[in-house]
Structures are given as C-alpha cells and as structure tokens.
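First, one chain by itself in structure tokens, the form predicted on its own.
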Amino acid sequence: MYSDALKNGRKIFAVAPMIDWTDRHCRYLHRQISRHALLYTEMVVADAIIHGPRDRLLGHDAAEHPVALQLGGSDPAKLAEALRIAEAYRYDEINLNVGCPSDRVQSGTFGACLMLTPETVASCVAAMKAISKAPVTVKCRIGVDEQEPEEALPDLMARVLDAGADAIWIHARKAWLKGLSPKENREIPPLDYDIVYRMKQRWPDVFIGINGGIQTLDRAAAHLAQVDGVMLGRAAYQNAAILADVDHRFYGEPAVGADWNGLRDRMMAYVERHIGNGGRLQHVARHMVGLFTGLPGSRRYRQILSTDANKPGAGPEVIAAAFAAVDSAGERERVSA
C-alpha cells in the first residue's frame, strides 16, 4: 500500500486511531461516507489480544477495508504473538502506537513512553515485520518531555526504518508525560508541522504522514503538498460529513453530492443486524451524533439520537426519525428562502 503510494505519487487520507471512538461501528459509518479513506482501529494492547476476547477486539466488517490495526505494546515477543493471532483478521496495515500519552499507556510503558527508548521500538518493529504480511508502520510524536525533537525524532525514524518500517505517521506535537492530561496533550503542546516536512526532505523515499490539529480538507490538501499522507482525528469524528468530499479531493472520484438517504438506509440495515446479534442501537448511534453539525435541523437530529437511542427496545426507526428532522428543517429553509 505505502510502496504503491510512493511509486504512483498517490497521497493517503486517513482517519486517525482514537481510543473509545474509532471502534468497528464508527469505522463502518465512516466507510459509508468515504470509500477510500484509510481507517484505523482504536489502539488494541498486545496482551489483550493474547489473553482476551479476540473476536470482540479484532472483528470488523468486510466493508471497512482499507482498515489498519493499531497495536500497543513494548515487548517484541508479545507483539509478534498478537500479530500471529491478528493475521486471521486480514488487516491492511499494522501500526505500532508510539504516541499515546494516557496514564493507562504510561503504566504499561508503551505508547509515547517508547519515544524514550527508540531501540525498543526498533526491536518491536523488527519482530512485527517478521510476522506480518501487511505493511508495518509507526505512529509517533515529535518527542516527549525534555527531548529535543530535532534529535529525538530523526533518531527514532532512522532506527525503525532500519528495522523495516514501511511508513511513519507523525503527530506534530510533543507529548508531556508529566504534568499534562491526555486531553491537554492534544491541545497545549505547540504544533510543529515544519519538522515533519523536514523529515520528508531528509527521507524523500519514505512514506511520511502528518497528524495533529488539522481541521479542514483545505488544510489537509496543503499538508499533502509537503508530505505523503494526512490524518484527521477529532475533526473527522465530530463532523463526519467532512468525509463526503474526501474521495473527490484526494482520490480522483467524480464530484457528486453525498447520498444522505442512502447512508440512512445503510445505517438502519447495519443497526438491525447489530441488534439482531445482541447489540444495542446506542453502540452505533453515539458515533452518528455529530454527522450534520451546522446544518438546519442538526440540533433536533442530535436530540433524537442522544435521547431516543438509549430507550429500551430502540431500533432503526430512531435513525429514520433523526434524519427526517434534518430533511424537514432543510425543506423549511428552502421554502422560506
């Protein structure tokens, strides 16, 4: 995937992995809006795959492809064992998390902590490459705590590339492991996009993607003039309608209006299957709440999904009612105009 992108000069647009957000239901929704965006799982810890409920952790709908599995861990042997298990689920990419600053990750000595031990990251990548049939990539920060990014980032990159990493995604902020919460780590450390650009200039033949604070497709396009890939995180999750223009802007598809009625019907069918398998509407609906942000009727749409989806016995009809609120508000606006 990444070698083809470099060879053909093709750029990659991705929705960033986000803990508690990019689960299989979120990814299914995003795939209904963009056929080509690269989607990521939440970070899944290697120990959980080895000892936990594998189908729940690794299962995904065939429609989600291309989809990448993000792994957390710092033990090469455990990561290799987790990958042996995950191979059966046929992910299109395996990504090692070297950027998450949460307390949970720090206690396990992985995520952003690994920026401090680049030799460990290289060992992990080598072990993963020995097992994986899919590309193995790394997602990192530009540094942590008192590290000097101009030294720490290229050192990490050189080591993981020597170990066989196929691509590197860089969140263009430091992570402060002491003194900042995970939320503050997404907002307070200043963004330094230029250092990511310089890494691309230093390694012109390596796929390098950028992440962090990117809010619009226009900004994504500007970054893609400098690097090979761009990730949107919260901006894509909180207003998934932004994905409706991704295939045209970045993958050469014809410019066509979004088929919201088709999306409604597909999500209703998906919810019906999910409920039939013992799930609840809220598992899916919570990811749809921000879909029509800023459009007429979006407030009522959010109210319906947030309230009615939690009621006992709630089913696909709640989605139909929520979409109808947007349709009727839009019709009123057209009439008044």
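From 1 onward, residues are counted along the sequence shown. The structure presented is a predicted model; accordingly, all values stated were derived computationally and were not measured.
The same protein has a further form, the form predicted together with a small molecule, not shown here; the description that follows concerns it.
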Check your understanding: Based on heavy atom distances of at most 4.5 Å to the small molecule in the predicted bound form, which listed stretch, 201-209, 120-128, 228-236, 155-163, is the contact stretch?
Key -> 228-236
Practice item. Spell out, yes or no, whether the shortest heavy atom distance between Ser34 and the small molecule in the predicted bound form is within 4.5 Å. Key: no
**Study point:** Ala16 within 4.5 Å of the small molecule in the predicted bound form, heavy atoms
**Key:** yes
Point to revise | in the predicted bound form, Ala285 touching the small molecule (heavy atom, 4.5 Å) | key: no
Point to revise | Partner proximity in the predicted bound form: Asn97 to the small molecule, non-hydrogen atom cutoff 4.5 Å | key: yes
Point to revise | Selected contact from Met43, Cys26, Leu291, Ala46, since only one has a non-hydrogen atom within 4.5 angstroms of the small molecule in the predicted bound form | key: Met43
Exercise for review: Please pick, from Arg186, His223, Arg249, Arg266, the one residue with any non-hydrogen atom lying within 4.5 angstroms of the small molecule in the predicted bound form.
Suggested key: Arg186
